[in-house]
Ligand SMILES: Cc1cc2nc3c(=O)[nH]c(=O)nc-3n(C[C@H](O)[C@H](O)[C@H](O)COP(=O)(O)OP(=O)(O)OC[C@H]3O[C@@H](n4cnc5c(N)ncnc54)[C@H](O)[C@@H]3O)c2cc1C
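Next up: just one chain, as structure tokens, the form predicted on its own.
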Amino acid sequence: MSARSVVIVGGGLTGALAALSLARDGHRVQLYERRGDIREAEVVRGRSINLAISTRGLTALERVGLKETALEISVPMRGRQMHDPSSRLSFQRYSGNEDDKIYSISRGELNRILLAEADRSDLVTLHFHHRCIETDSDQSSVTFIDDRSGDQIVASGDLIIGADGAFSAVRSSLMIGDRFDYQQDYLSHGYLELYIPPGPEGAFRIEKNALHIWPRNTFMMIALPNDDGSFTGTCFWPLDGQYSFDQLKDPDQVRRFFQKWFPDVPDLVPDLGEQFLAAQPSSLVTVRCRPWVVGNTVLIGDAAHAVVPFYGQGMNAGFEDVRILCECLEAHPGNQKAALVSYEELRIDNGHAIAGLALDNFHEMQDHVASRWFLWTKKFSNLLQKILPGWYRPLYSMVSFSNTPYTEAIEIHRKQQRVLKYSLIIILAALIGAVFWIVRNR
């Protein structure tokens, strides 16, 4: 393989994995991050949604030898634990296969691990406090400001990778050029995190191996386990209007609201009112753009396809971008242009597909998961998976527990639904015909 010089903008999860992966493949990497080194930062709770890592993300980590390390700091979740308005509980398995799990993992801790591993490589140089102000795709260069000194730095390389998140500066530079499509859509809902402390001696105070959901039609709360016995709760509520964040102004209002709608939560969060009012709700945005490749500049992760968190696939899709980009570079060792074309063809429609699935799952999680019809269909789907393992594959399982491309998973799901629909019609017609024949021949 011909070694390349690579400039990566963004040192979050996807950028750090890209630096490590490319260095393992023999490329020399310069990584620039706008913020300081997260390894030296104080942990601040309430700033980012807990992450769920599943097969796609684990496959990318396995490629760099970090799958087991990630699993050691994660908590497996076998399904959803539903909390109804009367505090009654019901459990929904993710899959008919009992080995299928997703894992709750600390965003910050995983980011630290990836940066530390990248930093150990002689082929990686990390630069912090460097803010991207311009990307020149024609010259394969990026201009940064060192926010500590004010100095301007120009970095160039054979390949420029934009991994700088939903509000990507690299993407903004590309948008100045011709024929660059961009779409940004905000949900009317935002999110706010709550810390649920562990019980005595680090005990889990609610079911450890589950994603907890309090669905309330137009708003909801979820909680993911942490490995120290605590949970990270996240409220997904409207940003204004009925049942919104801005309706609650003082600790008493907060506690009364939770006692009415989430009655088991106040006992789990002793400082509920103080936590809630000290935090600021954050927005939820979906970003779609095209192309992802301009010259020698390529977008990955949220810079290419920011998605809302309701399918647990944001990080997983970004990590899959990294794996497939590296595989394309391996497959075309002397032809970077062909490698980038192949990467874009393999990923862009899939990135748009998971954006749509995540939005669909938002409506499912806040409302449908609590309905009897949904519970019945979920059980039926898991049953079909068990009795028809060679044919029936639930959409959720294909997305979360395989590396099947998102677009392919959607198409398989649609075909299965059509077959099931027509099979049901034929069965019903046969039953009606049998009843009619019996009645006529009595």
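One rule holds for the numbers: they count along the sequence shown, beginning at 1. This one's a predicted model, so the numbers in the text were calculated from it and none came from an experiment.
Omitted from view is the form predicted together with this ligand, to which the following refers.
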Contact at R112, I196 and G229 by this ligand in the predicted complex, all three, heavy atom at most 4.5 Å:
no
Residue contact check: A163 to this ligand in the predicted complex, 4.5 Å heavy atom
yes
Though only this chain appears here, would R34 touch this ligand in the predicted complex if you measure heavy atom gaps against 4.5 Å?
yes
Determine whether any heavy atom of A409 comes within 4.5 Å of a heavy atom of this ligand in the predicted complex, and answer yes or no.
no
Given that this ligand is not shown alongside this chain, does G314 nevertheless sit within 4.5 Å of it in the predicted complex, heavy atom to heavy atom?
yes
Heavy atom within 4.5 Å of this ligand in the predicted complex: which of K101, R323, R107, R290 fits that? Just give me the one.
R107
Identify, from the list V124, A355, V75, C132, the residue with a heavy atom within 4.5 Å of this ligand in the predicted complex.
C132
With a 4.5 Å heavy atom cut-off to this ligand in the predicted complex, the contacting stretch among 324 to 332, 92 to 100, 294 to 302, 200 to 208 is 294 to 302
When this ligand is considered in the predicted complex, the residues of 8 to 38 having a heavy atom within 4.5 Å of it are V9, G10, G11, G12, L13, T14, G15, Y32, E33, R34, R35
